[in-house]
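First, one chain by itself in C-alpha cells, the form predicted alone.
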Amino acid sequence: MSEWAIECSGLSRSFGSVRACEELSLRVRAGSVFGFLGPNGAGKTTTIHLLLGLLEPSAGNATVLGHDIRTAADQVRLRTGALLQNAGLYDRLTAEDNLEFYGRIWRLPTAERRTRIRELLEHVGLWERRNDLVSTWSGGMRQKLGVVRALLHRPALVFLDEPTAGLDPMAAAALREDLAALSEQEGITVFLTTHNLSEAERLCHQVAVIRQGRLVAIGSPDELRRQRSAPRLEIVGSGFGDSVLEGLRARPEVVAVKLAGDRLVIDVRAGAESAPLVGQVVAAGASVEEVTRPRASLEDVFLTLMEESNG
C-alpha cells in the first residue's frame, strides 16, 4: 500500500478566464487528517471535485488511493466517501432508513449493513434517535449523520467540505470530537476543508493553505507557526507612553510594537531575549504586571500568509 493517499502534480482547472485551481502540487499521507484552508473562492471545493473525478483537470494530474483521476475516476469514487456542501440526506426518511438506502447502494450485505449502521450511530450518539425523521433534526445532528453516511462503506479516504459550517459552537465542538475519534478508530485518511482555523489546529496533522487557486504554504501546524510567525513578547501593565514605544522600536531585535489597552505586544526576531526588553520598559517608567511569550496561533499564521500573498 502506498504511503500517500493523494498525490497531485501541477493540477489546474479553469472556468473561462478564471483559474480556480492553478498548478497545485501536494501529497497527503495515508492515515492522516489533512486540512485544506483558504478564503472563500480560493478553490477548495473545486479541488475536491477534481480529486473525486467530478471535474476534468485543465492541466496536470493526480492520483487518489493509487487511481488516476482522469482514467479511473469510478475507482476513486468507489473507494472514497464524501460529505460535500449538501449532506445528501432525505428529509422524509428516518435516520436509519437513510443509511439503509445508502448501504444498499454500496451493496453491503444485510447483516453487515445493519451492524455497521448501529456501530456508527452509537459512536456519534444518535442510535436512540434512529427512527426520527431527518427533517426534525438540528443542523448538528444532520451533519453527524452526513459524516456517518460518508463512512458507511468503510472508505479508505473521506472528503469533508466545511463539515461544521453554520453550526453553533457546541454542535461544532461535538462534531470535531466525533471526527477525531472516528478517523483514529477507522484508520482512514481525512481531507478536510474548513474556515475554522482552531478546528484545523486541533484535528489536522498537516495543512495546506491556498489563495486564488495557488498553494501558498504546506506543513504541520507547528511547522507553519515556526516558519511564518515572529516570536512574540506580551507585557501587561501601565504607563506605556510614546517614549516606551519609540525606545522599543529602535532596538534591532524588535520587529514590531503594538499597544492594545494595557497590553504591549512586541514581535521580536528569533533568539531575542526578553529580559533586556522588559528592563528597558521599566527603565522608561512603565509599570509591569505580567510578561508572557505566547505561541502564535494557526489563525495568526493564516492571516500573515494572506497578507503576503496579496502583496
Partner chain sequence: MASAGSTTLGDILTIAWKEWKEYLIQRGNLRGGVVGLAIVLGVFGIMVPYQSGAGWVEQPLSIVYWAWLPLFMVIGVIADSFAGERERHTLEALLATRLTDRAILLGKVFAAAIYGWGFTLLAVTLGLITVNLAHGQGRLLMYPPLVAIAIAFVGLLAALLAAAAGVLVSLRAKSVRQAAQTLSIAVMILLFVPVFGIQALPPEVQARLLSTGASLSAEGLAVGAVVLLLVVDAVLLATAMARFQRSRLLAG
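Numbering follows the first chain given and starts at 1. Note that the coordinates shown come from a computational prediction; the quantities given were computed from them, not determined experimentally.
Form predicted together with its partner chain: not shown, discussed below.
- Site annotation in the predicted complex: the residue of R202, R77, R129, R226 reaching within 4.5 Å of its partner chain with a heavy atom is R77.
- Taking G239, G88, G219, G125 one by one, only a single residue has any non-hydrogen atom within 4.5 Å of its partner chain in the predicted complex, and it is G88.
- Three-residue candidate spot L245, R263 and A296; no residue lies within 4.5 angstroms of its partner chain in the predicted complex by any non-hydrogen atom.
- In the predicted complex, its partner chain sits within 4.5 Å of a heavy atom of H49.
- The closest heavy atom approach of R149 to its partner chain in the predicted complex falls within 4.5 Å.
- By the criterion of a heavy atom within 4.5 Å, Y102 is counted among the residues contacting its partner chain in the predicted complex.
- Proximity of L84 to its partner chain in the predicted complex falls within the 4.5 Å heavy atom cutoff.
- Listed stretches are 231 to 239, 194 to 202, 176 to 184, 90 to 98; the contact stretch with its partner chain in the predicted complex is 90 to 98, by a heavy atom cutoff of 4.5 Å.
- Taking a 4.5 Å heavy atom cutoff to its partner chain in the predicted complex, the contacting residues in 2 to 33 are R13, F15.
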